[in-house]
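Only one chain is shown below, in structure tokens, and it's the form predicted on its own.
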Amino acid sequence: MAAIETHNLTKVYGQNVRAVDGLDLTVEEGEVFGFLGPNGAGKSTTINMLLDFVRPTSGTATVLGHDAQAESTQIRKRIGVLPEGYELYPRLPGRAHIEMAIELKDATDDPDDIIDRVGLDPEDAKRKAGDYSQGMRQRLALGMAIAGDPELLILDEPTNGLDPNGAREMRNIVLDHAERGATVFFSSHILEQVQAVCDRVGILASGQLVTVDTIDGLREETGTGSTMTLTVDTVPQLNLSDIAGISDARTEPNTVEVTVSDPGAKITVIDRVRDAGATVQDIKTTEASLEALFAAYTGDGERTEVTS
């Protein structure tokens, strides 16, 4: 059974604003699925339809085998949600928020265990939530979401407003929950966050699902696999155009740079450079980042790379 499944899911506002347009999506049980797209792409609208906060114009959605509209009560007992723009009770201590979430889910969790799992200091948990920093608020909200050990965790922009350390800690909490056997649906416009935690990625643009694949699969599909840069003592006369799996080749003083869509082509390139009389002094490979893949699929933004 899929954790989330939609067929032709569509939401139209007004006369012709198609916030979500014919979405066919399957999220398998046990995976961390990244739902990627810029602000306004339709990610939050999709989540709101999965949670029955917004009714679709047409199409269907099921969550954990239940119809998202007809059986929303059964769904909410089995999921945890960290919504974008959530509200806490400013006069209520953090621990009381966790206790309330446990009670609402009719669970038997130890509040202190959840407080520890999300990295909230026990003394801070005694303070009013209105005094919390953004990072503490995010931890508390995630603690409420994981109360009851939900089978499915839905996160809408969970790292918004966090500094790099806070974002890394949030990712670790998400991965810890996934290792416990849960499915995680991770919606974000921050590409590096999705790349760091997700098994598969779906790219949404203008309400339509552009593609779904693993990060490696997306790289292979777009031909943006990696760039290999060889530092050499001298740049020889080279012809690399006949090597399968090479989409581009450039030479600069003391460097040969090739774009590789097939990893097996790297050894062939190195051998060809050496056979031409050059000594390879250094090799650096950079994988195409998720930003580059997003640009390749949507035609938006600049391609950037991260060194591996």
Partner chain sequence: MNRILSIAKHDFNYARRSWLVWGVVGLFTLIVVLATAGIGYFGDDVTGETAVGLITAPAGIFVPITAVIASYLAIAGERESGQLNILLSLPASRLEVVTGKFLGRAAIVLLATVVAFLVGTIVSVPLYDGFPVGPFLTSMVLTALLGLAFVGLSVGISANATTRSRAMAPAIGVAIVFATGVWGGLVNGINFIAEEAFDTSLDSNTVELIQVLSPRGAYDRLFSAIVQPELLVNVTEAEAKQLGLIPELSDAPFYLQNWFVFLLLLVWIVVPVVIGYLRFERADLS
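Owing to the predicted nature of the structure, the values given are computational and were not obtained by experimental measurement. Numbering follows the first chain given and starts at 1.
The same protein also has a form predicted in complex with its partner chain, omitted here; what follows describes it.
- Taking a 4.5 Å heavy atom cutoff to its partner chain in the predicted complex, the contact residue among G217, P93, P111, P236 is P93.
- Here is the short version: of V212, A178, A205, L88, the single residue with a heavy atom within 4.5 Å of its partner chain in the predicted complex is L88.
- In summary, the region of this chain contacting its partner chain in the predicted complex, judged by heavy atoms within 4.5 Å and restricted to 180 to 188, 115 to 123, 196 to 204, 98 to 106, corresponds to 98 to 106.
- Interface membership of E84, defined by any non-hydrogen atom within 4.5 Å of its partner chain in the predicted complex, is confirmed.
- Proximity of R55 to its partner chain in the predicted complex falls within the 4.5 Å heavy atom cutoff.
- Shown alone here, R76 lies within 4.5 Å of its partner chain in the predicted complex, counting heavy atoms only.
- Its partner chain in the predicted complex comes within 4.5 Å of no heavy atom belonging to N254.
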